[in-house]
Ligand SMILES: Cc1cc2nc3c(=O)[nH]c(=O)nc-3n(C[C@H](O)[C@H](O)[C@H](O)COP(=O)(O)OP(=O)(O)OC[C@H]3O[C@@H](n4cnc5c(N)ncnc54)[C@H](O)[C@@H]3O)c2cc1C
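Shown below, as structure tokens, is a lone chain in the form predicted on its own; questions about how it binds or moves come after it.
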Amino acid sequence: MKAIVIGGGIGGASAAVALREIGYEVEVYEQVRQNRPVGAAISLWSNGVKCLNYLGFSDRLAALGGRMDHMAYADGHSGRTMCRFSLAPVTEVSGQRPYPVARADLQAMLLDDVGDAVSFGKRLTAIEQDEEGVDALFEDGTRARGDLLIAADGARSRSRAYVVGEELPRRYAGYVNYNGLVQIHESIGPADQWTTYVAEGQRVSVMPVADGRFYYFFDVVEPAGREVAPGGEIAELRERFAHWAPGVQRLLDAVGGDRVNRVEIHDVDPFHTWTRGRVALLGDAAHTTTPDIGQGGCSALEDAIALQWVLRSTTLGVADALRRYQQARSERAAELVLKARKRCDVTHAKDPAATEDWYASLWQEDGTHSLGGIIGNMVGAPL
């Protein structure tokens, strides 16, 4: 059996690894001409880490992951700690530590495993299928044929309309995420802690990844479509956060003139048509979510495991197996999209009174509420 995978990101690459494990011939087609991940890092909660462990990456992933033992919120203006607590309960309940990981390192690990089965510079233009197989047609005039096609082509998926039957609108979440990597410095936050400064419906956050680095992000509430001149991101952030705490100023200094990723955040209303015959959506193509609960990448990894299981364990044909994959995944993925949306709205002051109530609660937080939410997001995971 041969699988065509569209997209070489975390979802597509992990699906390719999962399918090769059960004997599939796999070809991966990625539209970019070289591996250039969108975003600096990803927070892999325990459910996502366990999926990668299952695929055989436990030792390599542990070497890439930052040691994140604590979580803390700080007042964005004064820098005072609002609450701080251990993340040990997450590990104890799940049986696995969470790992923040640089996205480039994670994708390189996965794509190295896939090897020369990846073709870059392949922009999908159409999908065709018949009773015998499915074809992917590319902008350069080439095509690839397989027994099934896994469309893991991201939030702006070109495959989604083919599967669903219509273009689905993307919803702007109300904020832009600026992110990157800097060297760890204790004046920004402890080296073993996820530290988040909050104020004005915005966040500044750092979490440790491998090689003595912090993954950082700034959330800026602003209208959609606003443009920032190339290279002007750090000046924009300095102006926006000039009155914030000393730790935030130290982070801005650490960023200096380095490249900053700038991403407008969108999601898509949950939908449950993930398959059409021999074609199935996976990852962001199936469940575009905001990053507010850190489950986007983890959901894609869960998809890959569920896909492998149905193809390994059922024998009524490709279309039947893919429908079972959809049945196994779409409800859980939809729930996480809506949880992230709800969290996003509170975090970014869609209702200012609700956000102020959240800030007030953080001064009293002992970890019970925050940890309950993190652990609750993992309930229903395949592993």
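One rule holds for the numbers: they count along the sequence shown, beginning at 1. As the structure is a prediction and not an experimental result, all values here were calculated from the model.
What follows is about the form predicted in complex with the named molecule, which we do not show.
Exactly one residue in Ala191, Met109, Ile265, Ile127 has a non-hydrogen atom within 4.5 Å of the named molecule in the model of the complex; which is it?
For this set of options, the contacting one is Ile265.
Within 4.5 Å, heavy atoms only, which of Lys122, Arg97, Arg213, Arg240 is in contact with the named molecule in the model of the complex?
Here the answer is residue option Lys122.
Looking at the partner-bound form in the model of the complex, is Ala63 within 4.5 Å of the named molecule by any heavy atom?
No.
Although the named molecule is absent from this view, report whether Val32 comes within 4.5 Å of it in the model of the complex, heavy atoms only.
Val32: yes, in contact with the named molecule in the model of the complex.
Contact with the named molecule in the model of the complex for Cys298, defined as at least one heavy atom pair within 4.5 Å: yes or no?
Cys298 belongs to the contact set for the named molecule.
Just to confirm, Ile42 within 4.5 Å of the named molecule in the model of the complex by heavy atoms?
Contact check for Ile42: yes, within 4.5 Å of the named molecule in the model of the complex.
Exactly one stretch in 88 to 96, 69 to 77, 252 to 260, 145 to 153 has heavy atoms within 4.5 Å of the named molecule in the model of the complex; which is it?
Comparing against the named molecule in the model of the complex, the contact stretch is 145 to 153.
Between 4 to 34 and the named molecule in the model of the complex, list the residues on our side with a heavy atom within 4.5 Å.
Read in sequence order, the residues that approach the named molecule (within 4.5 Å, in the model of the complex) are Ile6, Gly7, Gly8, Gly9, Ile10, Gly11, Gly12, Tyr29, Glu30, Gln31, Val32.
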